[in-house]
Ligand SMILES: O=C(O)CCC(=O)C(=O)O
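One chain follows as structure tokens, the form predicted alone.
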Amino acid sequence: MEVAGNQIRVQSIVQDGKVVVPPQYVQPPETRPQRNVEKRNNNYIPTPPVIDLSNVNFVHEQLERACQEWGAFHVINHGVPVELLDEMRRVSRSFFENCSMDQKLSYACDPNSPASEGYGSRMLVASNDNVLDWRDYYDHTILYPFPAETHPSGPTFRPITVKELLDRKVVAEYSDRMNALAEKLLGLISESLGRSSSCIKDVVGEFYQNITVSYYPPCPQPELTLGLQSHSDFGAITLLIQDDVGGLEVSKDGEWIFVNPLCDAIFVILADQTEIITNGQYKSAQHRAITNAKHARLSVATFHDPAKTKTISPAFDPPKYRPVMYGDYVSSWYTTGPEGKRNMDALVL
């Protein structure tokens, strides 16, 4: 089994032929997923809405309802070429399935830092990460507007072959498109609240963009594990694509709702800072990832966050949340753990 900085990669566990999940990955009974396929396929159970961004006459009304009731939704006709979404999935999967473990470990993240870039498995600091997620990931942060050395096609990525350079140009274009779409969506969401399109973005400031590719290997005992524990994202807005395997679930009215993959759609997840800025009118979405025994699953999440020095506070009166410096909020999230939305609950006045 491959180990880097005392971090075991989940893919290595599967490649070693384990038929029993190691104990550090076993969830307590109260957080284990429910395997009810019949319920998942029940047409009467609500699912996150699909919003057509080209439908300008109804988009604000649909966004208002989706942000109030779900905090998450699909968007179609979003302006990002479907071919680029497919290429991003291909490039991402290639890293995990076509590179040797030694090649992947050359990009290993700092095992002592909970938010470092690179290839890793552990999300939280070790002392508070009692149950591990059945997931490996590759993480990269980009500042907008970015200098050339931090761009996904820039020199810090050390392109070696023509194929590698072309793959990184795919990531660079994807990054640019996601940044533009995130700005557009925050503008539309601001307008749906009766404010100017710049309302939320003015509070957030320049984006710090983080692209995280998550790879969930097949799990021999999926009923005992989670690919990613229940949490809400701590930034402003997250844009996610996934493959056709599926595994993302969103919490609504105390129930976990399976998010069916839509290959041409982008799944939008409102994050905690947007809930603060909208003064709780729109909620960040609590979500998690489940595993399965037969197929590896891939998702690409693109996070758009404020600067760590930015103070976030409600844009509406009377405020229901106390102001918070974003860097302090992130530190709390990583050191105490998300446990649903408890970090948000701590800010309620």
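Computed from a predicted model, the values in this text were never measured in an experiment. Start at 1 with the first residue shown and count on from there.
Just so it is clear, the following notes concern the form predicted in complex with the named molecule, a form of the same protein that is not shown.
Only one of 61-69, 319-327, 46-54, 289-297 lies within 4.5 Å of the named molecule in the predicted complex by heavy atoms, and it is 289-297.
Contact with the named molecule in the predicted complex, defined as a heavy atom within 4.5 Å, holds for exactly one of Arg89, His231, Arg177, Lys104, namely His231. Here is the short version: of Val75, Ile276, Leu240, Leu270, the single residue with a heavy atom within 4.5 Å of the named molecule in the predicted complex is Leu240. Shown alone here, Ala182 lies farther than 4.5 Å from the named molecule in the predicted complex, counting heavy atoms only. Using a 4.5 angstroms limit between non-hydrogen atoms, Ala315 is distant from the named molecule in the predicted complex.
In the predicted complex, no heavy atom of Cys219 sits within 4.5 Å of the named molecule. Remark: Leu248 counts among the residues lining the named molecule in the predicted complex, judged by a heavy atom distance of 4.5 Å or less. Proximity of Arg135, Ser214 and Phe303 to the named molecule in the predicted complex is complete: all three residues have a non-hydrogen atom within 4.5 angstroms.
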